[in-house]
Structure formats: C-alpha cells, structure tokens
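Just one chain is shown here, as structure tokens, and it is the form predicted alone.
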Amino acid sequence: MTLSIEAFNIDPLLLQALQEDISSEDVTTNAIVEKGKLAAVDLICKEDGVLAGIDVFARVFHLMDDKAELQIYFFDGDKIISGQKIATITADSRVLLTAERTALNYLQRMSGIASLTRQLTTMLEGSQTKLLDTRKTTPNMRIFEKYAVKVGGGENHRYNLSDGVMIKDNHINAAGGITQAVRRARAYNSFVRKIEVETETLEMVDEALAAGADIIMLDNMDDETMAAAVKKIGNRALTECSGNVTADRLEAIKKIGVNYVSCGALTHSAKILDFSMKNLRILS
C-alpha cells in the first residue's frame, strides 16, 4: 500500500480536520497577525524516531495557501533525532499559525505509529514472521495510520470489511460452526478471495483445516498451544498469531514460526512522536 494524495483522495479528510479546528476563524491569529504577511517557520523534531506523514503535513498548508513552499530535509521512513530540523515552511503568516496544530497532529500520530512499528519489526528480523496491523484504527484516520505502519516496515492486514474474508467467533456462532461458515463464505465470495478463520483451540484448528481455510488465526493462544497448532497446520494453511501481542512475547512468537503476527497496538496504542514549529519570522 502506498499513499497517494490523488489516488486516495485524502483532501476531504484534511479539510474536515481543519474545519473541526476552525469553525469560523482563528480569532487569536487574526487579531494579532497582520493580513498578507509572508513568513517562515521551522519544523523541529523533539524525539528520536521514524518520520512518517511529511507529505500529509505539507498538504495541510497547501490546502490553506496554494503558494506555500516547504524545504524538506528528511523523508518518510528516515530515522530522525531529537533537535533536528525536519523542514522549513514558507507561507502566509496567518496560515502558518492557523494550520499548525492540524498539520502537527497528523505528523505526530503517523510518526509515532511508524516508530513503534519499526521497533517491533526489528525484533522479528531473521525470521519468516511478518508484522501486521489490524482494523483497530482511529475513525477517519485509517488511511494515514495504515500507511504509517508500512513506513515503519510492517504490513497491512485487510484495509476494511470489503477487502477480505475473516470469519471470527461471532460469525462461527451465527453460522453454527466453522464448517458451515467456511462453506457459506466460499459460496458467496469470488474464488480469488482467501478465507481466514479465527481459532482459539486445537479442535477449532482441526475443523478449520478440514473446512479448507486458507489462513488460520491463532487467537489468544499461549505459546505451547500455538506451537502445537503451527506444527499441526504445517504447510496446509498460512498462520497468523493474534491477541495479547507485546514486545515481550515477540521473541517466543518468532521461534514458533507463525507466518504473520497481528498487533492492534500499532495503531490503537502508539505514542505520538513529538514535533514543534519554532522560530517563526516575518519575511515581508
């Protein structure tokens, strides 16, 4: 997945965020700052981490001032260090002050996710196990958050409910069992769609295998049960570990040899990476 402003049409989302922060006007800036003055300001990193969302940050200013210019010194995926100047933004002085928080909110959130993802993917190096995100994203932020996971070195699970078949516990209950759920999913969906089944016990793994699941999720299993499940499955299906995935467990999961490990914390619990806009100067 790659982020393209044109392809994914992020402008409406950015405009909604700006409208949330500016219901009519920025009363502080408009009262204090003279209209029509050109200014420049520096974007400074305040923590070590991985940069993600610099193009989104820039787009916020361009939406408010199509003549805004940015000198960007670091790019998405780069490791950055506290105190580094990441960019210089030149635009209408009122725009710089009014759009500042919205632009920073995107950059901080996305860079925080990329930084956590990079930390965890580094721990999985040397294994076949790939790190996945989940749908546990902030409403209206999914495209940005899943992009940040990719920047950090992780991979995206299905983007939304229309993107793939995942049969979870309540689907199984509604269908009357794994076998029935898989049969109905096969009949309803195109042959090109893989079917993933969530399992919690070795008995459920057996049923998912017999039903012909393409991917078997090992949900909230302890390490011993998960290892037995991976051995049982062999090459008959892909495996995904899910539930209670923390940095402390990754070494054990890595040794078990699952194909994928999904971690909701990448998007729902990542700490922001702190940035500031400093040293504003009026140019003309």
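Quick caveat, the model's predicted, so the values are computed rather than measured. One rule holds for the numbers: they count along the sequence shown, beginning at 1.
Omitted here: the form predicted in complex with a further copy of the same chain. The next part is about that form.
Highlighted residues 87, 124 and 256: none comes within 4.5 Å of a further copy of the same chain in the predicted complex, counting any heavy atom. The candidate stretches are 141-149, 73-81, 204-212, 114-122, and the one lying within 4.5 Å of a further copy of the same chain in the predicted complex by heavy atoms is 141-149.
The shortest heavy atom separation between residue 69 and a further copy of the same chain in the predicted complex exceeds 4.5 Å. Residue contact check for residue 128: none of its heavy atoms lie within 4.5 Å of a further copy of the same chain in the predicted complex.
In the predicted complex, residue 44 stays away from a further copy of the same chain, with no heavy atom inside 4.5 Å. Residue contact with a further copy of the same chain in the predicted complex: residue 48 places no heavy atom within 4.5 Å of it.
Checked against a further copy of the same chain in the predicted complex, the residues 227, 238, 38, 252 give one hit for a heavy atom within 4.5 Å, which is 238.
Shown without its partner, the chain has 22, 23, 24, 25, 26, 27, 28, 29, 30, 31, 32, 33, 35 in segment 22-36 as residues with a non-hydrogen atom within 4.5 angstroms of a further copy of the same chain in the predicted complex.
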